[in-house]
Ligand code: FAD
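Below you'll find only one chain, the form predicted alone, shown as structure tokens.
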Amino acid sequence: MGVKYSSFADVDIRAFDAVVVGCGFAGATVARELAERGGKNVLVIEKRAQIAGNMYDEFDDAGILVHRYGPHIFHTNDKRAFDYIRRFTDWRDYEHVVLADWYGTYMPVPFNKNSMEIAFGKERAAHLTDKLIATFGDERKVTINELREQDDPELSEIADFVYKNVFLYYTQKQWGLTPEEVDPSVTARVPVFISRDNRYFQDAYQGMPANGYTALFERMLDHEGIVVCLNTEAESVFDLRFFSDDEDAPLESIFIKDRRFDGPIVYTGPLDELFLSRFGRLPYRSLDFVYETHDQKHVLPCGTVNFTVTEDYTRITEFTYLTGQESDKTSIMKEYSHSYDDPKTQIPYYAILSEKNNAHYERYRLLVSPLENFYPLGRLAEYRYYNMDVIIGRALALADTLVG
């Protein structure tokens, strides 16, 4: 049958039981569940010209399947999320490997026993690894902060090396921070992996959709109960009705096409933009991507290389590793991080979490809290960082509630 597309101008809102804003994993999962399990007619509105959200991929001029909004590698320990997503795609086994370019030498990330030998030489690395195992145990992930808390200068030496050569410059580029501004909670998440496992993820279930993410989303949204309107912004078609004219007055209802809509509204976009940023925009980091095609089989030794001590870009991804394509050409993507300043030309990727920004978001959330049929869901609507599997899990849980 295929995805049913419609112009929003042609939509009769009376024909729909639920509205979903956005069709990344959060929106598409809820839409499918409400239509399939709940028997509801679901209208999906999407501001972009295509489905799949940031997972959107397409073939470039060289015939290489590339991710247009950054590399996405599916990994999870949530069997329900994994089984759910496999309904809509054949699966390609893939386990992601990331290397750090350390002044031209490649070093596994997360920093592990193999990285230790590259950094310190085999003999000293063996001594330091024995000390790590004696202190923490083997096959453990230990944070920089945990290493520094030990009363041992050699463990601190490992922590200092990882901080300076793997974490610091990369984090400054990624978040636009000075070393003094790097939050200790961010540092605490940087692990040393006491292992020779070079995989970036150790989750039980890993892989890539065999035909790409866009094809997966086409199958998710292929249901007689789902209609998709592209190039449609919620802030342009929602008529927000407030309890009063006070700036902090919460929503009383949402009208669509001059009719009060009382069915579920699942919103996955930036919550501040729905309200035209009346309290100021929530801060995010955005990304720019520069693509290159090369007339050779591979440019990198693995799927992604992080540039932790050199270059203006944070990382390079080579897509043929991710897709498994065989070609005499290859396409790579350099990734640059910068501030999110213009919602018309930029995309918000990473919420900049802090006590101040969380309070800023909470002011927006309180505007929708009394509206019992409005459900913020996902990275942007909840101002959180979620992996794909967590998004799917949260969407399935919300669908469980809405379907009953």
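Given the structure is predicted, the values throughout are model-derived calculations rather than measurements. Counting begins at 1, following the sequence as shown.
The discussion below concerns the form predicted together with this ligand, not included here.
In the model of the complex, does every one of R32, L221 and G303 come within 4.5 Å of this ligand, counting any heavy atom? No: no residue has a heavy atom within 4.5 Å of the partner.
Out of 81-89, 121-129, 67-75, 255-263, where are the residues with a heavy atom within 4.5 Å of this ligand in the model of the complex? Of the stretches listed, the one contacting the partner is 67-75.
Which residue among E235, D197, E292, D160 has a heavy atom within 4.5 angstroms of this ligand in the model of the complex? The residue in contact is E235.
Going by a heavy atom distance of 4.5 Å, is V368 a contact of this ligand in the model of the complex? V368 lies outside the contact set for this ligand.
Is Y350 one of the residues lying within 4.5 Å of this ligand in the model of the complex, judged by heavy atom distances? Contact check for Y350: yes, within 4.5 Å of this ligand in the model of the complex.
Given that the partner is absent here, does M388 sit within 4.5 Å of this ligand in the model of the complex, heavy atoms only? Yes - in the model of the complex, heavy atoms of M388 and this ligand come within 4.5 Å of each other.
Are any of the heavy atoms in V42 no more than 4.5 Å from a heavy atom of this ligand in the model of the complex? So V42 does not count as contacting this ligand.
Suppose contact means any heavy atom within 4.5 Å; which members of 92-110 contact this ligand in the model of the complex? Heavy-atom contacts within 4.5 Å come from no residue here.
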